[in-house]
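Coming up is one lone chain in structure tokens, specifically the form predicted alone.
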């Protein structure tokens, strides 16, 4: 080996060592409180622990994420406020509760948008989903990745729901946003907005007759203990969003931010795979636990779509026709 080559290699080694040392110096020991609404034995809980493990590996244990499930840090809305004020670092929650902050997020509550999960992935991870996350910056939040809640289905304690008329008079807990309220009121239900953290007790005591959530959430939240009938409507695909407090985020180094973003993407991929693998298993478990399952026919789903069309038209104007048109274009592109 020539003397010149040895000098070049030695210089390169010193540069890499120096860069590594600089990166290490750029990562401080930090405790990160990460809150979520479901219980620890849920897809949210498993993904949160995976996120924490990935981040610990990337930072040599310096970035320590402490996960808090079961809404122990508050409801989604309460955690969002805590993030905005800098009192909490991170969370994952429903996009539905962001509508009061960034109205455009309401478009994800439109019924019957996506045919399957692949379409949803393409839209959420693409330009449309990223553009919406950027709107959170000026509201004191930082959007990082979307996790999957999944396709929402109906449960209740009154009777099986096989057609739109069966919803008449049912007191149905819905997400705390106006689209969900109008959709189910239009279909004849008595829609009641309520935080998820209050839902089990409300079902148990009869404050509401039913609710709507993905199968995995219904199973992990043990709604089968207080609900008899499940109807597979797949009426809304519901995403979750991982967010950080902007006040806190802006105080991180670019290296720390990059580690969190990389671990978040890994957690997103893990969570979606876990959620989808668990759906069929959860449905079998719900049947075994005594729930009566009704598969709503395609013809009846088409009738429901027709019934709620005026709601979509109304809120397309409210949330911005440009945003609605961009969403539909993104879905069309995903299908092609």
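Just so we're clear, the structure is a prediction, and the values are computed from it rather than from any experiment. Residue numbers count along the first chain shown, from 1.
If you look for the form predicted together with a small molecule, you will not find it shown, but the lines that follow are about it.
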* Though only this chain appears here, would residue 152 touch the small molecule in the model of the complex if you measure heavy atom gaps against 4.5 Å? -> yes
* Asked: Is residue 173 close to the small molecule in the model of the complex, meaning a heavy atom pair under 4.5 Å apart or at it?
  -> yes
* Heavy atoms within 4.5 Å of the small molecule in the model of the complex: does residue 210 have any? -> no
* Distance check, residue 267 to the small molecule in the model of the complex, heavy atom within 4.5 Å -> no
* Structure fact -> None of 196, 114, 248, 128 but one has a heavy atom within 4.5 Å of the small molecule in the model of the complex; the exception is 196
* To do: Select, from the options 30-38, 282-290, 51-59, 307-315, the stretch whose residues sit within 4.5 angstroms of the small molecule in the model of the complex by heavy atom distance.
  => 30-38
